[in-house]
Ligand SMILES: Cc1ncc(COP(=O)(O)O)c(C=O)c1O
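Shown below, as structure tokens, is a lone chain in the form predicted alone; questions about how it binds or moves come after it.
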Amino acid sequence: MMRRVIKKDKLALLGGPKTIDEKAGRGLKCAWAGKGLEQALCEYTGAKYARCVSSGTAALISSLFAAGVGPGDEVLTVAFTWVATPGAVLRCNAVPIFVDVDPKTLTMDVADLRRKITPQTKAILPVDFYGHPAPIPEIMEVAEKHGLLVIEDACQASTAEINGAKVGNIAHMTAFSWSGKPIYSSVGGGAYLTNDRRLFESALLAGQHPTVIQGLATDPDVLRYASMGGTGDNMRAVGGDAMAQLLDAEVRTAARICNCEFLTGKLKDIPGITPPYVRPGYRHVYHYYTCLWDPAVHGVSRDRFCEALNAEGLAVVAYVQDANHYFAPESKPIQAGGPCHLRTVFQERNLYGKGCPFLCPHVKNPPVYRKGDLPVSEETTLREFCIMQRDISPPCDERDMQLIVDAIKKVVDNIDLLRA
């Protein structure tokens, strides 16, 4: 009878060979899911550090947390945006102070930004809305003058550029989203990017696994809270198929830009329609192709015009007012009542109960949100209509764009029937 021989090699911990090495493991040892994507994001954008998180909202919260935003702080942002932007500020128990937008780019108005800085301002949160970058270089100059951090909400603008520099490598921190965005993942997710090691590590405390914080952080002040995963929240990495999307992001983005330039060339001379504006030196990547409808020209409301376009088979949404209701079959349009500052939470100034965070004892000057405070944002909300990314991206080509033009022209040519 043969006896089983137990090999007694020296323990790997004490200098001996590994029982299962990386080459011979045959699948027993796998790479950490987010590692490849994070490295690729750094190489793609030029940023030094990137961390994948569970969503674009989580990327914003993590970035705000890294900036030290908390109770009593004010964050300057825009109301002409998706709800996640001011929602992330509220999640940090801080107060959003809204800045109006530029009527051409639909991004933060720097002149209004300067007017609204106070001693309580902690950070600036501009939004690259619809894929057009906010004026980040000018905003950075304002921030430097006042000792503030800039957190760029680039959730709709991954692959965008300013003067040849990739978004993600310009602001102090940048948030990306993979949920239906220029870099897309079927399971959602997002990432924050920065060139500042201290900010990168501090953002981990918004909600990463304790062992991840322990493995990535070197700052003793961060490591103190590793055992709780920072706040104890869960914003851990989700990447899905975003890596595959990143590999051909430039090709898809270039094709979408080409399609949108075709649309602009065809639509710019149609009365009542203003196509998207692209600031010189800026790369607009068109998460949506957003035009402005002038109801005064034809005597027909934007909503009636959109209703006619949808009937022609062209899916359009008034994004800020009623959001994108096509993403899930159970969704229905919602009349939001205007930009974010006019919605219930801000009108009642009560999110967590007892007036918090708006009336928190730490808030020195509780804000009041009024209609008329942001005239450009409010007017634009009533005029914008958006063609969705799915209909302007590959494999859609010039022939598909011509169909979009034909649908719009058909409605405009028969506008008298809508007016009647």
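Note that residue numbering begins at 1 and tracks the sequence as displayed. Quick caveat, the model's predicted, so the values are computed rather than measured.
A second form of this protein, the form predicted together with the named molecule, is not displayed here; the remarks below concern that form.
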Exactly one listed stretch (95 to 103, 262 to 270, 178 to 186, 228 to 236) reaches within 4.5 angstroms of the named molecule in the predicted bound form by non-hydrogen atoms, and it is 178 to 186
None of Thr85, Gln321, Ser202, Thr290 but one has a heavy atom within 4.5 Å of the named molecule in the predicted bound form; the exception is Thr85
None of Met173, Ile124, Cys155, Val167 but one has a heavy atom within 4.5 Å of the named molecule in the predicted bound form; the exception is Cys155
Thr57 near the named molecule in the predicted bound form, any heavy atom under 4.5 Å?
-> yes
Contact label in the predicted bound form: Thr159 to the named molecule, heavy atom within 4.5 Å | no
For the stretch 275 to 305, return the residues whose heavy atoms include at least one within 4.5 Å of the named molecule in the predicted bound form, in the order they occur.
-> none
